[in-house]
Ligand code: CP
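Okay, so here's just one chain, in C-alpha cells, the form predicted on its own.
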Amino acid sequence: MSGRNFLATDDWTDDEVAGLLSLAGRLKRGEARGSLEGRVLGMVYFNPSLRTRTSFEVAMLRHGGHAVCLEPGRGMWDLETRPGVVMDEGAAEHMKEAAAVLGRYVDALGVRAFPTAATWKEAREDGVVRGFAEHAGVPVINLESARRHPCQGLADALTLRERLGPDLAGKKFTLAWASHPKALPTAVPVSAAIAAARLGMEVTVAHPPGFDLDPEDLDAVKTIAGRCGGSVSVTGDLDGAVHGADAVYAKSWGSLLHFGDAAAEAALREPRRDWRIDRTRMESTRDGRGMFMHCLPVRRGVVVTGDVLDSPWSAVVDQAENRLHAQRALLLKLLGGIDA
C-alpha cells in the first residue's frame, strides 16, 4: 500500500479496510509493533483541530517518527487554492508550489480543509485536499474535507466492533441529524454511515426535510451496504429511527439545498432544536443499552444532553482514543514496517 493516498475509505477495498481495523486493534492491545523511524509526516490545517492533530503527532512519536504541523496564514504564508486565479489579493503562495515543496520535505502529507466555496457543486469536489494529492508527490491523507473524514470513519468502525462485537450483521446503526448553531460539513456523517455499512449493519439515516445528504454520497453508502450484507433507509422520524438502535450517532450537518445562503440555511435549521439526543431517546434503544456516538467536539445541551454524555451509553471518549490507534495502523501501512 506504500505510496497510496487516503482521501476516502471508498477508495480502498473492503479487505484493505478490514486489515487496517485488525491492525489497529492489535496495536491497541500491544500485540503488534512497527517503526516509523526517520519518517516525517507533514500536516496542513486550514481549520482548527484537537483530536486529529494530537493523535497524528502522538502516533508518529510513538513509532519513532516526527510530525510537522502548518497553519496557512499563521506562521506560514496564506495559500491560494483556486486553480487559474490571478493572485493579486491576499494569498502570497499557491497550493501547487506549496504542495510540491512540502512533498520534497516529508514522506506523507495530511490536509484538513473544510468547504469554503460559494456553491455545493464546487465544494463537493474537495478541491483543496485533491489538489494537494495531485501536486505533492507523496501520499496525502484527508484530515477532513467537505465530503469525507476517513480517519474518523476508521475510529468509528473500531469503536463499533469493540462495543458491539466482531459480528455486526443485523445490528441497527442510526445516524441522527442534530440541531447546531452552525451549518457543518457532511464529511463526518457520511464517513460514519460508510463505516457502519461496511460492517454489515442496518443503517438508518434520520434527518428533517431539507437536510438530505448528497445523493452520490448516499448511493455510496447503499452500494457498500449491499456488498457487505447490510441495508440503508432514510427517515424523517427521529424517535422511530432511535427506537431499537444498537448505536446512535448524532451529528449535525448543513442543508446542501441552501449551501452558501447562510440566512436561508439558518431559517431551515432553527425550528429543529428538538432534534437532540436525550435520556428518553437513549432509553428507547435496544434493551435501553444502545451506545451513543459523536466525533467531538460536541455542544452539550444542543446536540445531546449532558446526562447522556456522562453515562455508560456514551462512547465518545473511546471513539476519540481510537483515532490514535486507527491512525497508527494507517501510517504503518502507508509508511512503515510492521512487526506482528
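Note that residue numbering begins at 1 and tracks the sequence as displayed. These numbers come from a predicted model, not from an experiment.
Same protein, other form: the form predicted in complex with the named molecule, not shown, and the subject of what follows.
**Q** Please tell me which of 63, 51, 272, 39 lies within 4.5 Å of the named molecule in the model of the complex, judged by heavy atoms.
**A** It is 51 that has a heavy atom within 4.5 Å of the partner.
**Q** Could you check which residue among 302, 296, 69, 58 gets a heavy atom within 4.5 Å of the named molecule in the model of the complex?
**A** Contact with the named molecule in the model of the complex is made by 296 alone.
**Q** In the model of the complex, does every one of 180, 207 and 276 come within 4.5 Å of the named molecule, counting any heavy atom?
**A** No: none of 180, 207 and 276 comes within 4.5 Å of the named molecule in the model of the complex.
**Q** Answer with yes or no whether residue 149 is in contact with the named molecule in the model of the complex, where contact means some heavy atom within 4.5 Å.
**A** Because a heavy atom of residue 149 falls inside 4.5 Å of the named molecule in the model of the complex, the answer is yes.
**Q** Looking at the partner-bound form in the model of the complex, is residue 112 within 4.5 Å of the named molecule by any heavy atom?
**A** Yes, contact at 4.5 Å.
**Q** Taking any heavy atom pair closer than or equal to 4.5 Å as contact, tell me whether residue 246 reaches the named molecule in the model of the complex.
**A** Close contact is absent here: in the model of the complex, residue 246 is far from the named molecule, nothing within 4.5 Å, heavy atoms only.
**Q** Report yes if any heavy atom of residue 328 sits within 4.5 Å of a heavy atom of the named molecule in the model of the complex; otherwise report no.
**A** So residue 328 does not count as contacting the named molecule.
**Q** Only one of 307-315, 25-33, 277-285, 42-50 gets a heavy atom within 4.5 Å of the named molecule in the model of the complex; which is it?
**A** Going by heavy atoms within 4.5 Å, the stretch is 42-50.
**Q** Going by heavy atoms, what in 315-333 lies within 4.5 angstroms of the named molecule in the model of the complex?
**A** Heavy-atom contacts to the named molecule in the model of the complex: only 323.
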